[in-house]
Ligand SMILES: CC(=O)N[C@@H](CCC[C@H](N)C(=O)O)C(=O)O
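The form predicted on its own is given below as one chain in structure tokens.
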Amino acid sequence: MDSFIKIRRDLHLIPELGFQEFKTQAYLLDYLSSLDQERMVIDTWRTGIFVRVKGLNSTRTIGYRTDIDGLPMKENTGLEFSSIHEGNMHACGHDVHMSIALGVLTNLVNEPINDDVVFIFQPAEEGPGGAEPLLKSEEFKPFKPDVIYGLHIAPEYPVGTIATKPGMLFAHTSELFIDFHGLSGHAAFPHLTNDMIVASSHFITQVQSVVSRNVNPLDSAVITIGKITGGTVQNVIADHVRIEGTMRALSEEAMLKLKNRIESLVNGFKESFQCKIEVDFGSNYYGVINDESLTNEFFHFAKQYDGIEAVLCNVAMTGEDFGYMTKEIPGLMFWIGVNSDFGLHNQKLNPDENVIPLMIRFISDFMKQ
């Protein structure tokens, strides 16, 4: 078995949530300790890791970022190396991402290029968001690269396909949490209560008009309410309901419009239903915007590379906090095909591991050009 496929399986066993990646960090540091230390500078930030691989005659620093956290999901793949952390799973491919990063790093330690390469093992991509505080940290300053690259698995593409585009690749995103507080009581005496199931139901219906009637039709946005929690029993009127959702937009202006409109609706509903309502926009991710020059250079290399098919893709409403990095540093993110019948964040996701040695070779060669 390829050694980095073995690493991927080891990491798949121990998925951990954002800023709780203690075993993952320890595993990565243990592996790094096996490499030539003279070629590396290593530091940590919370549960993340920075590694500078020193070049032979560096004139710039190339950055490469990988995310390291898992998701709060029960795995249902039936794999021999399924998660041993009950209720957590690497359902977004971060185990694959890490193994590829370690493979490229190893190649560059053993066969250094002229430029320095900084590898960023970033925690908390899935939430609450690790990229933004990482960029602001003191530990990051000596490692800040001049350009930065990152990848993400794409279950719908076959192994060997790489997909990206210049400009916006992933949307601006925001979480949405709204708590409705009213007055509980017996179902037979609704006039003595303030029913938050009724209030929240009206709100959920009303919020469906925000995108269709407040966002420019030539722009694009979406609001999804994915979870409702409220009530205790069928004959008691609920005094508390919590709704949870997500918002996506292709422009900062559209995202601001969504938030402003949500807050306006909330203020109106407070008066209409005589209740208390709290809004929390949770984690917010800036859109991933690929640098045009870097993307063109990348495509030129990929299209001539044996075993790789490079394709232009459409912008996705996917959220990725790599966007904070491309906001500060010229950068590029690209999809890599993993040929899975099940999509991202699915409890049965099982990427084709043949992508690992292929991407290690491809990215290493790209760095060396």
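The numbering used is simple: start at 1 and walk along the sequence shown. All figures in this text were calculated on a predicted structure; none of them were measured in a lab.
The form predicted in complex with the ligand is left out here; the points below concern that form.
> Taking the partner as it appears in the predicted bound form, which of 262-270, 197-205, 232-240, 118-126 has residues with heavy atoms within 4.5 Å of the ligand?
Result of the contact check: 118-126.
> Which listed residue (L258, I178, I148, C92) meets the criterion of a heavy atom within 4.5 Å of the ligand in the predicted bound form?
If I apply the 4.5 Å criterion carefully, the residue I get is C92.
> Please identify the residue among S220, T246, T106, T193 with any heavy atom within 4.5 Å of the ligand in the predicted bound form.
Checking each option against the ligand in the predicted bound form, the one that comes within 4.5 Å is T246.
> So, S174 and the ligand: in the predicted bound form, are they within 4.5 Å at any heavy atom pair?
Yes - in the predicted bound form, heavy atoms of S174 and the ligand come within 4.5 Å of each other.
> Is there a non-hydrogen atom of T318 within 4.5 angstroms of a non-hydrogen atom of the ligand in the predicted bound form?
Looking in the predicted bound form, residue contacts with the ligand include T318, since a heavy atom lies within 4.5 Å.
> Using the partner position in the predicted bound form, report whether F143 sits within 4.5 Å of the ligand, counting heavy atoms only.
Because no heavy atom of F143 falls inside 4.5 Å of the ligand in the predicted bound form, the answer is no.
> With heavy atoms only and a cut-off of 4.5 Å, decide whether Y286 touches the ligand in the predicted bound form.
Close contact is absent here: in the predicted bound form, Y286 is far from the ligand, nothing within 4.5 Å, heavy atoms only.
> Along 336-350, which positions have a non-hydrogen atom within 4.5 Å of the ligand in the predicted bound form?
Only H345 sits within 4.5 Å of the partner.
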